[in-house]
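In structure tokens, one chain follows: the form predicted alone.
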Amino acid sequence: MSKPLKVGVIGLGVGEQHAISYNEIEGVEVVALCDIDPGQLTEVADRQGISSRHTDYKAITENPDIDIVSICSYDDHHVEQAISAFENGKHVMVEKPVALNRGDAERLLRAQQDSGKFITSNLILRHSARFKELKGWIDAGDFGDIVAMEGDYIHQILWKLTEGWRGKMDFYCVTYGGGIHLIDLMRWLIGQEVVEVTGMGNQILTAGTQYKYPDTIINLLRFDGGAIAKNMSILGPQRTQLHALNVYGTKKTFVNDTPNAKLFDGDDAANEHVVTTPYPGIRKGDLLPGFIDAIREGREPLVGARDIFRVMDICFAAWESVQSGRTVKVNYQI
């Protein structure tokens, strides 16, 4: 076993799950916590038995004894906190979205590249057993050529916009916070990159509330291998949560649902097959053991810099399209 790795966690909403997950990994210890709410800080730190407690994130990012920083703060704080961590020689897990505009994303990427340290983000759907099985089928050629996909983030969490911190931010985009999961999943599944995006949105669900931006956004994506896709982010549907995913190939079609998915190899009833592989079957901290392994082995993690910043570039193009009403080409920075 390599030397023990020490971790600091900033932001103790989902950050508590990060702390729990790190402490389950042999040779890893969460040594410090930070939150701007003293009450939340005390409650979580007491529950997790951690004595080093701070309300200033720099007490984490500038601590020379800390090797890894998990950033789970409000989205508009991610960039400055992550840059500080990289400038002080830390590896960084940062919750998505890592940045809210291209300029900040470019600053963060430069800091990460200059540091020589690793970055990962919680694009967790790649870790779902059902989607890993699907990727195996696609990679094996079972689906033939991928023609089209639909990947939608469907979740009734409207209160996060109307009552929570997201609605109080100067800017928030539901694609960055929700649809990003399916955009990343689709590009990972087929191994193609998005070259252009067309999008539109509306604000019916949050009309008259504190939230100022579209609460429902649909984007059309064109991939460099010829596939096209739809991505919808809707945070107020009257249904149970679902990472809706339809993959249409020349040989087979996959349709995600709960509790089971469906696989089709024709248009008759006999061509419909049930997929019982667990979904979602993942926890918030499930990428962290692999991140630790990558750090110890000196290699890129499953979700590394290239994937993180490329999916953000797609999101930036998607929002630009919603604003401008035109198709936007994706400009990749890495």
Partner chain sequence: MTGEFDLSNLDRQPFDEGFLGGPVYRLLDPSPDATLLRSLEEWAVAEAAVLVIARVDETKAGVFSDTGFRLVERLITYQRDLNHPAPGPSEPVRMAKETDIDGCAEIAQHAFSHDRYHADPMTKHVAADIKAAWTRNDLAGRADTCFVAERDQVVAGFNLCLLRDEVAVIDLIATAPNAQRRGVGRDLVRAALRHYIGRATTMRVGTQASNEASLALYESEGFQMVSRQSTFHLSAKAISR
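Numbering follows the first chain given and starts at 1. Being a predicted model, the structure only gives us computed values, none of them experimental.
What follows is about the form predicted together with the partner chain, which we do not show.
**Q** Even though the partner isn't displayed, in the predicted complex is Glu16 close enough to the partner chain, meaning a heavy atom within 4.5 Å?
**A** Within the cut-off, so yes.
**Q** Taking the partner chain as it sits in the predicted complex, is Gln156 in contact with it (heavy atom to heavy atom, 4.5 Å or less)?
**A** Contact with the partner chain, yes.
**Q** Is it the case that Gln48, even though its partner is missing from this view, gets within 4.5 Å of the partner chain in the predicted complex, heavy atoms only?
**A** Yes - in the predicted complex, heavy atoms of Gln48 and the partner chain come within 4.5 Å of each other.
**Q** Closest heavy atom of Lys117 to the partner chain in the predicted complex, within 4.5 Å or not?
**A** Contact check for Lys117: no, nothing within 4.5 Å of the partner chain in the predicted complex.
**Q** Using a 4.5 Å cut on heavy atoms, which of Gln241, Gln210, Asn202, Thr250 is close to the partner chain in the predicted complex?
**A** When the partner chain is considered in the predicted complex, the option within 4.5 Å is Gln241.
**Q** Go through 297 to 305, 27 to 35, 271 to 279, 61 to 69 and give me the stretch that gets within 4.5 Å of the partner chain in the predicted complex, heavy atoms only.
**A** Going through the listed ranges, the match is 271 to 279.
**Q** Give a yes or no on whether each residue among Ile124, Ala129 and Pro259 has a heavy atom within 4.5 Å of the partner chain in the predicted complex.
**A** Every listed residue reaches the partner chain in the predicted complex, so yes.
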